[in-house]
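One chain comes next, on its own, written as structure tokens: the form predicted alone.
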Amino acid sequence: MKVGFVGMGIMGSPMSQNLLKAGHEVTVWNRTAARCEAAEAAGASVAASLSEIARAGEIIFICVSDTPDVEQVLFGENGLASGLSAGQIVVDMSTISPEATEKFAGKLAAQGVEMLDAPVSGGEAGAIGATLAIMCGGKEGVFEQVKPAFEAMGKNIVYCGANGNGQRVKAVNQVICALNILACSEGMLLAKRAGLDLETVHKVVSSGAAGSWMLTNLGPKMVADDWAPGFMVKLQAKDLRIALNSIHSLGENFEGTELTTRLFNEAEQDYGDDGTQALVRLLGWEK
């Protein structure tokens, strides 16, 4: 397929390159043009503008940071909407507000353009390895059209229902992720305070009932004082704020999510560009 891809960040660049590896013809765009270099070296074309990339293929993927960024990409001055034609499909793989997603899908539908929300889980390693979990909202027939492209980027690809439901499932994912990160942080901090050998603790605990993706992948980084991001603290904080808004809109109050949202908001101030394992730094890892 001929596809466009907007957003060449930690996730978007390797995702676009996996589309290339699968044989798709890919045109990319990023606000900072230098970030397109890796995809270009892998064989992608580089568009000079969003309106140009809108005409680059039957499917246009978006992977940017937040709800306002998606809105700007779609409907800002010279945004995608100015170049899209009836019959095209926009696939937003960012993590944004479900309610905004529904609004965006409605506006595109008025142009005859279909939209899917397809946020992902798996971090940078999943983006590079094409093993992402992809949770998709929108029309099921449109999902089936796009599925071959999803299969180039992920392994667990699940249709979740109408527009917005992909984002709602991602909110569930992020609530569980954040609470796991807090659990890993406090457990490893306890081991450090007790003077235990951290590698030994991690080896035994991660192989038992306390084992989790977060402990397996983030625990060694904590032990090594490696704060490089696979997924940034500031993005986890943003995702939790979206999840908390959804919780509040249902008239609910989830104490664990309230706590982790507060902690990640605090961590964002000093460690925003670090990986999510840096939550342990907020708790006093370096004392």
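Residue indices: 1-based, along the sequence shown. Quantities reported herein were computed from a predicted structural model and do not represent experimental measurements.
This next part talks about the form predicted in complex with a further copy of the same chain, which is not shown.
- With a further copy of the same chain left out of view, the stretch that reaches within 4.5 Å of it through heavy atoms in the predicted bound form is, among 183-191, 85-93, 70-78, 142-150, 183-191.
- With the partner omitted from this view, the residue of Ala100, Leu108, Ile128, Val169 that lies near a further copy of the same chain in the predicted bound form is Val169 [heavy atom within 4.5 Å].
- This chain is drawn without a further copy of the same chain; in the predicted bound form, the residue among Ala42, Ile247, Ala56, Cys36 with a heavy atom within 4.5 Å of it is Ile247.
- Relative to a further copy of the same chain in the predicted bound form, residues Lys21, Met115 and Met232 are all farther than 4.5 Å at every heavy atom.
- Heavy atoms of Arg241 never reach within 4.5 Å of a further copy of the same chain in the predicted bound form, leaving it off the interface.
- Residue contact check for Leu263: one or more of its heavy atoms lie within 4.5 Å of a further copy of the same chain in the predicted bound form.
- For Val46, no non-hydrogen atom is located within 4.5 Å of a further copy of the same chain in the predicted bound form, even though that partner is not displayed.
- Using a 4.5 angstroms limit between non-hydrogen atoms, Leu259 touches a further copy of the same chain in the predicted bound form.
- Scanning 72-98 for heavy atoms within 4.5 Å of a further copy of the same chain in the predicted bound form gives no residues at all.
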